[in-house]
Each structure stands twice: as C-alpha cells, then as structure tokens.
Ligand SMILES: NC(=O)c1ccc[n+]([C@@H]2O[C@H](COP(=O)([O-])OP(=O)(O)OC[C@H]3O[C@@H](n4cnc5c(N)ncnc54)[C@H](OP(=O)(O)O)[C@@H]3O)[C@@H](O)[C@H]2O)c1
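First comes one chain, alone, set out as structure tokens in the form predicted on its own.
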Amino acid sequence: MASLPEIQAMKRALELALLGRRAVSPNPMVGAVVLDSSGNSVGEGFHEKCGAPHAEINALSEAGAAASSGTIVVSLEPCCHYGRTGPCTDAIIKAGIRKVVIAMRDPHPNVSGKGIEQLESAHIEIETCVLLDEAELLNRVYLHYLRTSRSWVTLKMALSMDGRTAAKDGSSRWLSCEESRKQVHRMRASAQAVMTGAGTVRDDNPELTARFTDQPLEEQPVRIVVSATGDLGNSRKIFGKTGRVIIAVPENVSCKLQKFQREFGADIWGFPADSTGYGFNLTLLLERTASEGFGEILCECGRGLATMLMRKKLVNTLSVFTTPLILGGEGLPAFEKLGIDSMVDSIRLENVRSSLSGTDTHLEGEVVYGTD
C-alpha cells in the first residue's frame, strides 16, 4: 500500500501533468515526483510538449544523485520503447530507483504493462492504481483518442431556464452573465481548438479567441469553422486575430474558398461529401484534428451543428450555462430532432459537476448515449 508521502507526491504529479494540457496531445499528460530514501521530494517534472523529455526524465534530472535508492511517483506507467525519446524505464533503472508508484497503466499498445514488467525484471518494487480515478479523469482525452482516433469534443451552450438558446428573432446577446462569459474564455484558453458552424459565423461574426484570462496566452487556440456550403457571409472577425484558422467543407466546395487562404492564410480542409452528415462526415474531421494534435475541441455553435454532433455521438462533454430568464415556446430550442423516441433512448450525463457562475448555473458532465 502506498505511504502518505507517496500519495501526496501522486497528487503533486497529477497537478504537474496538467501543465502540459495544451501541448502534448495526442500523447498523454504525465507528471512525476522523485522521493529520496527518506521520503523527501527531491525532483519533479512533467511532459511539456510532444518530442520533449518525458516527465520521469525531467524529475530524475532535477533529483540527480538523490534519486538513488529512492522512489519515483508517476501519473502514468513509464514507457519502455523508443519513439521521439528513449525509454523512461531505462532511465529509472539507471538512476538506481528502488520503487515506482504508478497511478494508471498505459493502455497504448507499445506499453500496456510492458513498462511495469521491465521494471519488475530489474527487481524494482511496483505500486499501481494510486489515485487511479483521478488519473483516468485527467487523461480522458488521451484514453478517448486511443479508443476512437478522434478529438474529445466539449459542446458549450448558454440556455434560458426553459432550454432556449435565443429569442424568436434570433437574438441571444447577452444570454449568460459576465462571469459566465469570462469562464467560457478560460475554457477556450485550455482547449487546443474552438469550433463553430458557418451559420454562427454569419449571424454573430465572432472572434472565437480567448480573452479576459488570468494569463495572456502565448498562442491562441486554433479556430475551426464547419460549413456544408462554404458560405461565411461578410463575417471577417474570425480572421482578424493571430492564430490558425481552419475552414472544413465538402471537397466539392473547397475550391470556392481559396480567397480565404490567399487573403487570411486560412487552411481549407476538404472532405468527401456525405448527405447523412453536416455536408461531410464529421467523424473524419475529428480524426484529422486529433492527428494534428488537437486533443480537446471546444464547440460553440448553433443547433444545426450541435444536433448533428449529438446524433453522430461525437459529443463527449456537455457544458451548459443556464441563466435565470424564460423565453417561452417562441424561443429557439437547443437541438433539433435527435431521434429520441423513449426514455431508453435519452441522452444522459454522468460525473456531473455543477456550480454557480455569477447569476447563472454551470452544469457539466460526460455524455452517455441511449444505446451505450
């Protein structure tokens, strides 16, 4: 059983891991803490970005000779294969570590218990499943990527108390309060990309940048516009700030959008047309975003794209800000028909978190589809 210092060190390792959130995808977030033979913390580190040294290497480097006969506490099973960097297991063995405490095994096929086996063969004591639930929650995006090859999608919505996103005339500013709007900017800052539909671009002319955050961002999240027709109207704010802009459209539409590439440097992604999707297969879009390192995408869109993402079971987290006003049956609903005919088919949330956000209520949870 893990000791109290080891559990405290694991809590710290999980905190450290989170520091790599925007830069490591599709790899996992990992943190590590080295304890000397007396249980004192002598080194710590985290995986900062793809291709950079892993958390264990950084922690061992900081600990130096004090790591000998000590313990390394790590939020994920150490790797044992050559990729962009060498095996962490070799470094742990070379450092003279006596014990390795691990939060969760790495299900990646190149690891998947092999790292633990290699350490045990070197007569190193292994402790696993320490703060396992916290570790799995931390790396839910990574685990989802291994299962599906897709980005994790968080759908953000602002609703009235009776579930409306806008008044009858389409007006929605400002449905949520100032504190909720600031919270949304913090959500943008922690995501690799922000996605919306062309209708939202035409109607609202948004920037989709992260502003009003505690710390200025070195790099804005990528902005993705999804369109079945390529019609962005006269909206241009989305191109007006630094950062990458991607317009995702059916292949037969992409040739019409070269002006956005020439004038604003936007990337045009074309996908095979698909009448059952949002003009094209949205699954292909999320597979490509994942391959480009966009682990988590925050989606702020109208009900058309929101409905299609839900119908295709592509939303992983639903984040709803509910404001204390009523718009009535004249207001615009959050979704179009979702194919739900009975309670058995209903879409539910699990691991729900709720909090007050100024005068609003913020509720967030992982989506569980009716047939799952």
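All residue numbers refer to positions in the sequence shown, first residue = 1. The model shown is predicted, which means the values in this text are computed figures rather than measured ones.
From this point on, the text means the form predicted in complex with this ligand, which you will not see here.
Trainee: Examine Gly170 and determine whether its closest non-hydrogen atom to this ligand in the predicted complex is within 4.5 angstroms.
Mentor: Gly170 belongs to the contact set for this ligand.
Trainee: With heavy atoms only and a cut-off of 4.5 Å, decide whether Glu134 touches this ligand in the predicted complex.
Mentor: Taking the distances in the predicted complex, the answer for Glu134 is no, it never comes within 4.5 Å of this ligand.
Trainee: Is the gap between Glu292 and this ligand in the predicted complex 4.5 Å or less for some heavy atom pair?
Mentor: Glu292: no contact with this ligand in the predicted complex.
Trainee: Even though this ligand is not shown here, does Leu332 get within 4.5 Å of it in the predicted complex, heavy atoms only?
Mentor: Flag for Leu332 set to yes.
Trainee: Would this ligand in the predicted complex be within 4.5 angstroms of a non-hydrogen atom of every residue among Glu6, Gly20 and Gly45?
Mentor: Answer is no for this spot.
Trainee: If the cut-off is 4.5 angstroms on heavy atoms, which of these, Met308, Met29, Leu318, Ala67, is the one near this ligand in the predicted complex?
Mentor: Among Met308, Met29, Leu318, Ala67, a heavy atom within 4.5 Å of this ligand in the predicted complex occurs only for Met308.
Trainee: Which of these residues, Ala189, Leu138, Leu175, Ile297, gets a heavy atom within 4.5 Å of this ligand in the predicted complex?
Mentor: None of the other options qualify; the answer is Leu175.
Trainee: Partner absent here, but in the predicted complex, which of 71-79, 145-153, 219-227, 108-116 has residues with a heavy atom within 4.5 Å of this ligand?
Mentor: Looking at the other structure, the answer is 219-227.
Trainee: Residue by residue through 158-197, tell me which have a non-hydrogen atom within 4.5 angstroms of this ligand in the predicted complex.
Mentor: Ala158, Thr165, Ala166, Gly170, Ser172, Leu175, Thr196, Gly197 sit within 4.5 Å of the partner.
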